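Here we start with a single chain on its own, the form predicted alone, put down as C-alpha cells.
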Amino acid sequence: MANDARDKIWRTVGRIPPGAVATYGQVAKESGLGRRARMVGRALRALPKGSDVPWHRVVNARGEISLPAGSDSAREQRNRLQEEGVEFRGGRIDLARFRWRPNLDELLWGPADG
C-alpha cells in the first residue's frame, strides 16, 4: 500500500470524533479511495505502537467489531468505545445513532486542519 493512501486513511480516522464510529467502507470513501474497505483495515493494522489515531472508532458495516471475538484487542476496542458513550446491543452498534457524519464544511472544504 502506498504511504499516501495509508496517510489519507489515518487522517480520516483522526477526524472521527469521540462517541462516533465509521465503517471501513465509509473511511475508504471519505479518504477518496472508493470502495477499498480492506485497504482501511490494512492501514489500521500498520499503525505504529502508541499512535494517537483513534483506530477503535472503525467498525464493520454491520456495526460490529471485526477483531477476533474475545481477543485483547477486541476487548480494548469495545472498552474504548463504551468509555466514549457508544452503546452495544447484542454485540452491535446502532449505526443510525452512532455513525460519524462529517459536517457540511468538512464535506465541501475538507478538514479544518488542512
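Small disclaimer: the values here were computed from a predicted structure and weren't measured. Residue positions are given as counts along the sequence shown, with the first one as 1.
The protein also exists as the form predicted in complex with the DNA; that form is not presented, and the subsequent description refers to it.
Although the partner is absent here, residue 89 sits far enough away that none of its heavy atoms falls within 4.5 Å of the DNA in the predicted complex. In the predicted complex, none of the heavy atoms of residue 81 sits within 4.5 Å of a heavy atom of the DNA.
Interface residue remark: residue 25 is counted as part of the site for the DNA in the predicted complex, having a heavy atom within 4.5 Å. Taking the partner from the other structure, the DNA in the predicted complex has no heavy atom within 4.5 Å of any heavy atom of residue 51. Residues of 22-50 lying near the DNA in the predicted complex, listed in sequence order, are 23, 24, 25, 35, 36, 37, 38, 39, 41, 42, 44, 45, the criterion being any heavy atom within 4.5 Å.
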